[in-house]
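The chain below stands alone, shown as structure tokens; this is the form predicted on its own.
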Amino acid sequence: MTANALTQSSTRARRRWRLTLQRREAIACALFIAPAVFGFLAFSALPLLASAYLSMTDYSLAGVPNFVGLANYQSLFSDRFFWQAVRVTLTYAIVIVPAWIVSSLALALIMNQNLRGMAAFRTVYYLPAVLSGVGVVMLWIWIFNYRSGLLNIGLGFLGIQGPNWLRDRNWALFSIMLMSLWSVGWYLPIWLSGLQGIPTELYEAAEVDGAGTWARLWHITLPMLSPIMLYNLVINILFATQLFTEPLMMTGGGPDLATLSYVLYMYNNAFSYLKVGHASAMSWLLFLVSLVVTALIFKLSPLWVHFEAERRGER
């Protein structure tokens, strides 16, 4: 066999080996991603498609779904309980989202100080984030108890008669908002990572220029934290619109529908009234509104979000 033939044979062997190796890598890759793909199809994609179909049917968890087109969506807009649920959820979101952002940022600024024992305080403030939601609600039901609750007992020592927090229409939603503020520690690691990522040279230069504490906060800290603020804003809006466990367990949507949240009414439609079509239509309306709001926030974000990489690119 000539040297040329040996070279050609060796080349073909190497090509076959490369093809075999590529095929084995492709099979291994497919096996590794198969559980994730199957999980997405089984638990996300198919339920979404089923929900979209059911939103256009008259279905009560029994029998065969009866296709009714957009009738479910049309009936929602004439449902006063639907608009009450929208009103409650919107009120909750408008109040609690800024409260979450401001309180968690203020807490992170305090926790970012290099003081003795600060690591222990960070752990304590983060603990509510890892507790069970149902357990937390049970704790706050006891705190808000009209006769033996910790809150009214404390107010009694000050000579103040506490209200019936969860049974008074004027205080029920405020009570849920107050309880929600207890979990602001969930955002501490995010804020702290952003604060500790701000270059100290910026603060040193500002101090040399005579900038005070508030000037440094306004012109350095907040602009540098604006990407994290954008993230927290979007996440908080999504969390606020998912209000469910608290009104379900604490008030059942009452008194007088004062705490009937959107997701709670959607749950009632599906499992109490057996109006699965209405519940599915409500879920898709919530999804579309959340999508539009999120897209609008990202569209407006260049007006107030400081992206350092973009600034360097402009220079």
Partner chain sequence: MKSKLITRRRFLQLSAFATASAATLAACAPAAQPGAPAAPSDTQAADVPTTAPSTAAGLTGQIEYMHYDLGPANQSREEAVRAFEQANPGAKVKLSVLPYDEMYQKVAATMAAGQPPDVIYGDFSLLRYALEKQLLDFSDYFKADPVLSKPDLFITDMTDAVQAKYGTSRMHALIMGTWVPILYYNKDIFDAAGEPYPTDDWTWDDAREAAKRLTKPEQGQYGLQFGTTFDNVGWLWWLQKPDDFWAVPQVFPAKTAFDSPVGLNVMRLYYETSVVDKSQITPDENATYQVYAGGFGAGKVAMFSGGDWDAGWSFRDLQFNYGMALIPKMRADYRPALNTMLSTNAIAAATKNPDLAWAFARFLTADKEGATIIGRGAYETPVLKEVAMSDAVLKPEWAPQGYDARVRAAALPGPMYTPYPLNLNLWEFPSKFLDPTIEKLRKGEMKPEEAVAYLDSEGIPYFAAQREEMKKFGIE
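Since this is a predicted model, take the numbers as computed values, not measurements. Residue numbers count along the first chain shown, from 1.
Omitted from view is the form predicted together with its partner chain, to which the following refers.
- Interface residue among Leu288, Leu70, Leu61, Ala36 relative to its partner chain in the model of the complex, by the heavy atom within 4.5 Å criterion: Leu61.
- For the options Ala26, Ala45, Leu274, Ala52, the one in contact with its partner chain in the model of the complex, meaning a heavy atom within 4.5 Å, is Leu274.
- Heavy atoms within 4.5 Å of its partner chain in the model of the complex map, among the stretches 229-237, 207-215, 166-174, 123-131, onto 166-174 alone.
- Mapping the unseen interface onto this chain, Trp142 counts among the residues with a heavy atom inside 4.5 Å of its partner chain in the model of the complex.
- Interface residue remark: Phe77 is not counted as part of the site for its partner chain in the model of the complex, having no heavy atom within 4.5 Å.
- Among residues of the shown chain, Arg147 is one whose heavy atoms approach its partner chain to within 4.5 Å in the model of the complex.
- Contact annotation for Trp83: none of its heavy atoms lies within 4.5 Å of its partner chain in the model of the complex.
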